[in-house]
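Only one chain is given next, in structure tokens, and it is the form predicted alone.
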Amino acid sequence: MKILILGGTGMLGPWVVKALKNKHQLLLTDINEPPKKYQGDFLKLSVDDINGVINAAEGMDCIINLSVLRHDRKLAFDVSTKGNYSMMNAAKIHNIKRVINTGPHFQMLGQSYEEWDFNLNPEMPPQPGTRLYAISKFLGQEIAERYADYFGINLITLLYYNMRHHYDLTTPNEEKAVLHNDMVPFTTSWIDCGEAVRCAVEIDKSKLQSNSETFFVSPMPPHNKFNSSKTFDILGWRPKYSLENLWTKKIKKSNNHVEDSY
């Protein structure tokens, strides 16, 4: 399958590339250059460049959107909202029927849901609240869903919550975490995050109930605050790293980890 990846040099991008590179032909795009160790095709492109995204999508079978910009008001909307318009417009023009979108859980479950402690699930009415990151991603999702419904595009949205490295539980900026004090039960390893995208790319359309389906990507915590059963049952995703084995395993400190490489 030929796959266009938008925003592919961010935190999630390397793990998605690693999950897909041996099975699919990838075109990685971003405003930042990829690491020198990346060996695949790359195009410097901003997701809000509508014509650029349309041109990059020609001949593709699937588009994956990993782009994100959280803090700047204008750029956040350009990337998260307008970027989804670029992606879906490209899918419509080139008759691309599989699109994978990604975002944070709170673009659907915002402030009004934060105090809930049971069965938050992807079928609930979305309430993103007013935070810039959440509302800009939510508006982009609304655009994507309308395109999916009207033009028959198969849209799969993956919503993530808390991601960490599996080997030493450091945060994404490599700040050392305090063992056993830094986690929540719905922590997801970056490896498992990338595997969720692979599952979404490769799932048989017949297993999906509609053109637009949303999935939570997190292990199943015992108290079931975030219910990921739909992801387990339909996508067939099973996290390799979960609360139990992260909490009980012995951590080996090493400076030689290369598993986050392209």
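The numbering used is simple: start at 1 and walk along the sequence shown. For clarity, every value in this text was computed on a predicted model and none was experimentally measured.
Omitted here: the form predicted together with a small molecule. The next part is about that form.
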**Prompt:** For the chain seen here without its partner, which of 200-208, 60-68, 223-231, 34-42 has a heavy atom within 4.5 Å of the small molecule in the model of the complex?
**Reply:** 60-68
**Message:** Only one of 113, 85, 151, 161 gets a heavy atom within 4.5 Å of the small molecule in the model of the complex. Which one?
**Reply:** 161
**Request:** Report whether the minimum heavy atom distance between residue 46 and the small molecule in the model of the complex is within 4.5 Å.
**Result:** yes
**Message:** Check residue 102 for me: does it contact the small molecule in the model of the complex (non-hydrogen atoms, 4.5 angstroms)?
**Reply:** yes
**Contact label in the model of the complex: residue 144 to the small molecule, heavy atom within 4.5 Å** = no
**Request:** Determine whether any heavy atom of residue 133 comes within 4.5 Å of a heavy atom of the small molecule in the model of the complex, and answer yes or no.
**Result:** yes
